[in-house]
Ligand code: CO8
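The chain below stands alone and is given in C-alpha cells; this is the form predicted alone.
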Amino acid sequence: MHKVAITGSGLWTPSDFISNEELVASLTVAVEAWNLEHADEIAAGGVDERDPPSVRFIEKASGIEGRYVIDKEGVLDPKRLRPHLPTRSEDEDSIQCEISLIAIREALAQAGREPGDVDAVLVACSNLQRAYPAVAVEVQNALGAKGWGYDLNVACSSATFGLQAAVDAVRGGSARCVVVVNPELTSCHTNFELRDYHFIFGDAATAVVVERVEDARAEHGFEVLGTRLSTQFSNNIRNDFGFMNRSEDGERHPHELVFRQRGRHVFREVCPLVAELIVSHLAEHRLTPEDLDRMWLHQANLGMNQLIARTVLGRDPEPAESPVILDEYANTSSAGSVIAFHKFSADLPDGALGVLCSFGAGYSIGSALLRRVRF
C-alpha cells in the first residue's frame, strides 16, 4: 500500500461580501412586508408572525460577522432574497465547474502539478446543480485531466468523505493523483426569508491534491496517517429538494425545499459525537489529544467548534490550535474545514500533527489525521 499525502490546496472566494448589518437591513424590510400582508391570518392565529432579525442575535448565536456570496444584489433584494444566476447554455462551463477550476488550479500550482498529471476528479459538496452528467466529469474535461471522475454528496462532511475516497484510490493503486474539489454555492439553498437561517451560509470552493508520497513534487505537504468516517441518521438537518418533487401528489411548503434545521438538537447531539470520533481516531493510531498541534474543524458555529475543541483537549484551545474562519466566511458547508486548512497550515513545522474534521447532516462526521512532512 502506498503512503499518501495532500500536496496542495486551493480556494475560490467570491468578490461579493455581505455584512451582518446589510443582511439584517434587507430581511427587516422583507419581514415587515410579510407580516403586513398576512396581518389578518396572524391575528386569527392561522400563521405565526415572523421575527425581525438582529445583528446581535446573529453574532451571539453563531460568531458569524459576514459572508461571501456569488451574487449580493439578489440576496439583498427584499423582494427576491436569493442570488441572480443567469442560465448558461450546454456549451458553457457550468457555474460549479467554473469555480472548481479556480480552486483546483491554485492547488495544482502549490503541488507543482499540471492538469495532465491528474487521473481522478471528485466533486464533493452539499448540493449539485444538476443530476447528470456528473459535474466531476465536466471538471475533468475542462481541466484537461485524465482518468475518471464522479460526484458525491454527504452534506457538510462531503470534503472529508471525498478525501477518504481519494486516499483509498491512491493507496490502493487505482489512481496516482486525485483532485477533490468542494464547490459550495450555499446561498442557492439558504432560506433568506427567516431570521433563524438567513445568516448561516456563505459561498466558496476549495480543492486539495492527493497523491503518493513518493511522487510528490512540492517541498512540503501533509501525509495522511488515516481517515475515519461515521454516519448516524437524523432529520434535524434537512433539505427535501430533489428530482421527485415534481411527481409528488402532496404539496410541499417552499421552506422544505431549502436548508432547515433544529439547531439546539444539532448542537447537543453532534458535538459529543465529533469529539469522541476524533479522540478514538487518535487512539487508533496510538496518539493522544496532547499530540495534536492543530484542529481544522468544520466552520458551522463558533460555539460548536469551541465545545468540540475543549472536549477533545480537556481545556480551552489557544486560537492557533483551532483556527476560525467562519467569522469572515460563515458556514460554507464542506468547504469550511478546508478553508481553515488552506489558510492555517503552512506555518506548522515538520512533524506537526493536525486533524481535519467535518460534520453535518446525516448526521455525518469525517476525520483525517495529517502529519506535516518535507518531501
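Everything numeric here is computed off the predicted structure, so don't read it as measured data. Numbering starts at 1 and runs along the sequence shown.
There is also a form predicted together with the named molecule; it is not shown, and the following applies to it.
Note on the interface: of 46-54, 319-327, 339-347, 33-41, the segment with non-hydrogen atoms within 4.5 angstroms of the named molecule in the predicted complex is 46-54. Interface residue among Q110, Q261, Q164, S94 relative to the named molecule in the predicted complex, by the heavy atom within 4.5 Å criterion: Q261.
A heavy atom within 4.5 Å of the named molecule in the predicted complex is found for exactly one of D215, D196, E284, D293: D196. Though the partner is left out of this view, A61 does reach within 4.5 Å of the named molecule in the predicted complex, counting heavy atoms only. When contacts are judged by a 4.5 Å heavy atom cut-off, F222 does not count as touching the named molecule in the predicted complex.
Although the partner is absent from this view, I365 stays clear of the named molecule in the predicted complex, with no non-hydrogen atom inside 4.5 angstroms.
Within 4.5 Å of some heavy atom of the named molecule in the predicted complex lies at least one heavy atom of N127. Proximity of T160, F233 and L273 to the named molecule in the predicted complex is absent: no residue of the three has a non-hydrogen atom within 4.5 angstroms.
Contacts of stretch 200-229 with the named molecule in the predicted complex, defined by any heavy atom lying within 4.5 Å, are made by I200, F201, listed in sequence order.
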